[in-house]
Ligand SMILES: O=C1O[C@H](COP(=O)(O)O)[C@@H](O)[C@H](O)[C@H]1O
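First comes one chain, alone, set out as structure tokens in the form predicted alone.
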Amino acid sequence: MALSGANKDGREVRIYEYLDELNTDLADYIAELSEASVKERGVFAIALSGGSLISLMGKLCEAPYSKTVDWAKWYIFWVDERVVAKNHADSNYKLAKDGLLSKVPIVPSHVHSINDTVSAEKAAEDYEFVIRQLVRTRVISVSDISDCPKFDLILLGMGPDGHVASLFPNHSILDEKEEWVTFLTDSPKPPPERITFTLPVINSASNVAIVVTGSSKAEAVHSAIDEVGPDCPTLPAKMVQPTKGNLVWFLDKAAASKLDGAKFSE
């Protein structure tokens, strides 16, 4: 059983009693957006995060999705990346390649990973240049209210501290308004050197999904979704508010356990 379609201020909150339900619905959601985007634009530009997200997307590698999704039209990006070698255990690219990209027929040249041979600052600069080129050729749409890229889908996880991408609480990069991609060398969570999309880019997407599981994140989910009062610090996850796009939270029962009114009938 799932509690679905609970709208809170323009956000859709979907809560699942069983992880398998969440995984299946997430695959359905991504496949439907892919189909709609390919029909409308001829391509599907999707940006991934790391963590448990890739394993939760695993059903896309199985039937029917493995056969029905138009993988050749997918263009893959990373919302954030650790500045480590591509074969390093901390690499979000490696995580996605091992868990998803190597199992479906995505065109290799459509996979846009960062340059892992340069500094974090240069890697962010290079990655933004790549995205700007693809905005010019309309592989990635452009926002009609700013010059920001408008990804068809940005997929995010969330940490127990409420961070999304590599946007951590109380970090100065939360205030970055000009750059599309920025960098940090002092990540509170190792490894310290990372690149990340900025909030204006995330909030310019057509669709954003935040996928969260586990009781360790329940308090942060409550702070990010519920009205918790002015005394609580604003978490990065709460700052994800697409300007003209859709936001869907995918939560398992444990992650949603502290939400106001999110109760399953026994």
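Keep in mind it's a predicted model, so treat the numbers as computed, not measured. Sequential numbering from 1, following the sequence displayed.
The next section is about a form of this same protein that is not shown, the form predicted together with the named molecule.
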{"query": "Single option in 51, 58, 214, 200 placed near the named molecule in the model of the complex, where near means a heavy atom within 4.5 Å", "finding": "51"}
{"query": "Option touching the named molecule, based on a heavy atom within 4.5 Å in the model of the complex, out of 154, 83, 124, 165", "finding": "165"}
{"query": "The named molecule contact in the model of the complex: residue 136, any heavy atom under 4.5 Å", "finding": "no"}
{"query": "4.5 Å heavy atom contact, residue 113 and the named molecule in the model of the complex", "finding": "no"}
{"query": "4.5 angstroms heavy atom contact with the named molecule in the model of the complex for residue 92", "finding": "yes"}
{"query": "Exercise: residue 181 in contact with the named molecule in the model of the complex, heavy atom 4.5 Å", "finding": "no"}
{"query": "Region of this chain that lies against the named molecule in the model of the complex, out of 188-196, 143-151, 99-107, 67-75 [heavy atom, 4.5 Å]", "finding": "188-196"}
